[in-house]
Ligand code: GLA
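We begin with a single chain expressed as structure tokens, specifically the form predicted alone.
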């Protein structure tokens, strides 16, 4: 495993345990062409795959058909303006207004370990667990150098890629498009896999058969968005959890993105990911460099499940940071669905007392604790405690909760400002806006221009002051609107096209300050639910609120799509009250607990107002969480059945890394009559071992459970669930 370069064939070969990625240098100019990505190869004899020995040949051999070569060659990092009429990774404009760019191979560097990306979240590794490659391409006419960065991880089938564009010329260059990675390969009747949705129904799994032309997913909202995940997969026909090939591409970024595949007239597919070029124009002066975000590529020839487990392991080991990554997180109760804005100190303490009796470990105070915040039409930005609601402030509440044995957590939305707020009245220019136009409102709020140093510093000082005022051990960081009316009074006219990206960098800077200043803080990101659920945010927070829709049945689909890429430990999931606030559906309390266990687990309800029967189940659910959390947080996830596909039932399995136990969760979404019981075929067990099902006492061979199936007892009624614990004996 690792990285090599064959000086004779001029081919780079990147090996993971089960995959190989090959590209090489062609022609005397030094075109960098892609050769192969797929199952592990023993050697690099793949140069013939570029077909440069066929018409139209390389420009060295056939100068009269250079454009035909450029428009068909499988480029590793395609650039615009010279005759490749497909999508490009990099496009520029010079001071003279020209846009041509053609960079050839200059040199390379192979090393152990992995360098961080300046100002951006990215995977990390040590010299012991990964190797990296930098390939430099230069355009001497423009004076631009492109550094392509690759990392392979020793024990994971993942490869990361990014690009750094350096201006080594004498004149300013404007980047009008700067994507992170490209993969050119032959089309094999691929379908495109994406995660699509909207508020309260995020990350629904979608397949689309590729056709000629350009197709993909994107965001122009300033955030990665509820609507599309910064992910694209290419799947071969008949893909399932256990068979078929899939190429996964995931962008570690929290702003506007583009993930696109183009099928050319020659039946080649070109897949590109990176920052969306919409309203993007970056001024690059001599001596300056621009760093693109990272793309995580995963190839699997053993179905979607193998891809999923690779992403899970990579993100758990090499993206999530901090002390909470590998620790059991406290069972919390959030007061939002219990009280909305209508609460005071006594109401919170009433909830806290009942919660403590039931074994809950933290109370999180949501929106409404600051300024004149009695509804969502005012006071964002006025981050000062409302002592009419909370006499004695946050410190008194924290001490009261700590005295009950509970930790204290706090909701905050620091990126926003209400038009009706003291902050906006004092600094109306601090909101993102186009001069001469009133900014559009969303949730009756504006976005603060964090790209301005004075605004970022003010927000940071308020955050630091709040968190220093009391024993606050958890923060839920919310962001409830998109960016629009793009304009910054802190940027000159020629640099307004940098605002979208600079905003994301500012958010990253704030969160980096937060986790460094308060290293033991448990941070949960949120954006109107799952509107900024992306790998970039995981670099700062080990968990993200999955969706504002807490209905357990809807969560089956939302959490299935989320878990396709993200570890269960990152999925913010709570047991909420019924009828559900959004769906009006009533689901058994037991089922709500089983679904929330496939996430961070907590409560979103008024524990003083629910039925005694439901309240009596909380201690058992808390005990269930404590028993299984290490397994859920660290184990291998298998998707066994999908109610999204079959309309009837859902089932997933989590196996301990050492194979000692497994947990199977089965949810009967719709009941049926006059049918025999179901059998669910398990995965990942040892065929020659015996397993005891704790709930029934029955023993089965691992081969029997995988090839014949686990019998599931008949359940009466809709939305019923069961758990089965398998112990290897």
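Numbering follows the first chain given and starts at 1. Quick caveat, the model's predicted, so the values are computed rather than measured.
Missing here is the form predicted together with this ligand; even so, the following discussion is about that form.
Just one of 231, 411, 343, 625 has a heavy atom within 4.5 Å of this ligand in the predicted bound form. Which one? Looking at 231, 411, 343, 625 one by one, just 411 meets the 4.5 Å heavy-atom criterion.
Under a 4.5 angstroms heavy atom criterion, identify the one residue in 366, 185, 245, 590 near this ligand in the predicted bound form. Contact with this ligand in the predicted bound form is made by 366 alone.
If we define contact as a non-hydrogen atom of the residue within 4.5 angstroms of the partner, is residue 257 a contact of this ligand in the predicted bound form? Residue 257 lies outside the contact set for this ligand.
Does this ligand come within 4.5 Å of any heavy atom of residue 529 in the predicted bound form? Yes, residue 529 lies within 4.5 Å of this ligand in the predicted bound form.
Residue 443 near this ligand in the predicted bound form, any heavy atom under 4.5 Å? Answer yes; at least one heavy atom of residue 443 falls within 4.5 Å of this ligand in the predicted bound form.
Can you work out whether residue 480 and this ligand are in contact in the predicted bound form, taking contact to mean some heavy atom pair no more than 4.5 Å apart? Within the cut-off, so yes.
Based on heavy atom distances of at most 4.5 Å to this ligand in the predicted bound form, which listed stretch, 366-374, 502-510, 593-601, 83-91, is the contact stretch? Heavy-atom contact with the partner occurs in 366-374.
Counting only non-hydrogen atoms and a 4.5 Å threshold, tell me whether 36, 75 and 270 all contact this ligand in the predicted bound form. Negative, none of the three is within 4.5 Å.
Can you list, in sequence order, the residues from 189-218 that come within 4.5 Å of this ligand in the predicted bound form, counting heavy atoms only? None of them.
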